[in-house]
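Here's a solo chain for you in structure tokens, the form predicted on its own.
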Amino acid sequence: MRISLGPIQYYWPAEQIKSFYDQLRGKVELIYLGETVCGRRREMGPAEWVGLGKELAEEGHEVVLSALGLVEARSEAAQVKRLCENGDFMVEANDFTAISFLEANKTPFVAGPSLNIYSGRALREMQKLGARRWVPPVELPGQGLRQVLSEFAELSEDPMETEVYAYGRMPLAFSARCFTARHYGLGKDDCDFVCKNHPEGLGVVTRAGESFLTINGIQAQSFGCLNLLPALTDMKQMGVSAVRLSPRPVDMTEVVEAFRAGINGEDVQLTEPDPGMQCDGYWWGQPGCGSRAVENYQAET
């Protein structure tokens, strides 16, 4: 089982982006590069992403370029089209704008987690369009994933890699409006890039004072940080080929090392973030904010 770094979801300065990848060179097998949340974020342009990708590929990493999850303007569609025609790296399609370009050029791709694939038939159709790897939606329970893979195996003899989103704040929804700009009383097209002020999104608290979600530009994320370390054994049995770690502005080295140890069968606990902020409910068919580890601890005490 391989470890991948998903695309950075936040608006970080270019220096921070480069420093992040410098810290993790040689520590993971797969790296996804590019902007998936907002077409206005251009701290790194397509040429710079491709240039960084070539450096990482020369060092032995498999590099994939990730496309936007919500395309709203012709300029953004053109941006996605250029990405799909980069000629060097496979692309992760996160909506059907990218898929239409990739299918037209008969280019293999990765089907991203926002494509809402919940059945073996849907996955088979995605394979016919050119998908060679897929990332299940973050809400799909482990048992549901097992069923999807079983149904798919009856429909196709061709291989399909499965990569599970296993760590980080979960992307739950995209909106035509920018939540962060709205929080500051700004329009989406005149946002002053205020999401730069929030390197891991902006927490949302209910009127009762409970942490609820995280807003990140046009994206709504979970407040809790997904941790599927305890599910690695199940994933191996299902034939999952990679686990995705979503970048956070903390030292991700510990996270990578923990998942590496877990894949090797070691009993390891993750301390980043605090266990009280970790969640895994969706995997076990429960509310996504839930945590089996916390529930077990509370039951024992």
Partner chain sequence: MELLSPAGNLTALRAAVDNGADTVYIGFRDETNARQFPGLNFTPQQAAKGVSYAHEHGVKVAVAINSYVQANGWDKWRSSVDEAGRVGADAVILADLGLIDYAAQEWPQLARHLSVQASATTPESLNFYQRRYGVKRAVLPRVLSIQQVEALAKETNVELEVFGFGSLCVMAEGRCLLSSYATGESPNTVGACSPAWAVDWQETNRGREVRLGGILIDRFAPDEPAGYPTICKGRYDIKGSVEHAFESPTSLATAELLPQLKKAGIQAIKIEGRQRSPAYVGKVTRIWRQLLEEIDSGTAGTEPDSELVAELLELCEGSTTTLGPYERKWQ
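Numbering follows the first chain given and starts at 1. Not measured: the values here are computed from a predicted model.
The form predicted in complex with its partner chain is left out here; the points below concern that form.
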- prompt: Any of the heavy atoms of residue 223 lying within 4.5 Å of its partner chain in the model of the complex?
  reply: yes
message: Whether residue 182 contacts its partner chain in the model of the complex should be assessed with a 4.5 Å heavy atom distance threshold; does it?
response: yes
Proximity of residue 230 to its partner chain in the model of the complex, heavy atoms at 4.5 Å: no
field: 4.5 Å heavy atom contact, residue 13 to its partner chain in the model of the complex
entry: no
field: in the model of the complex, the residue from 86, 107, 147, 162 that sits within 4.5 Å of its partner chain by heavy atoms
entry: 147
task: Verify the flagged residues 91, 250 and 253 against its partner chain in the model of the complex: is each one within 4.5 Å by a non-hydrogen atom?
output: no
field: in the model of the complex: members of 160 to 192 within 4.5 Å of its partner chain, any heavy atom
entry: 170, 171, 172, 173, 174, 175, 176, 177, 178, 179, 182, 183, 188, 189
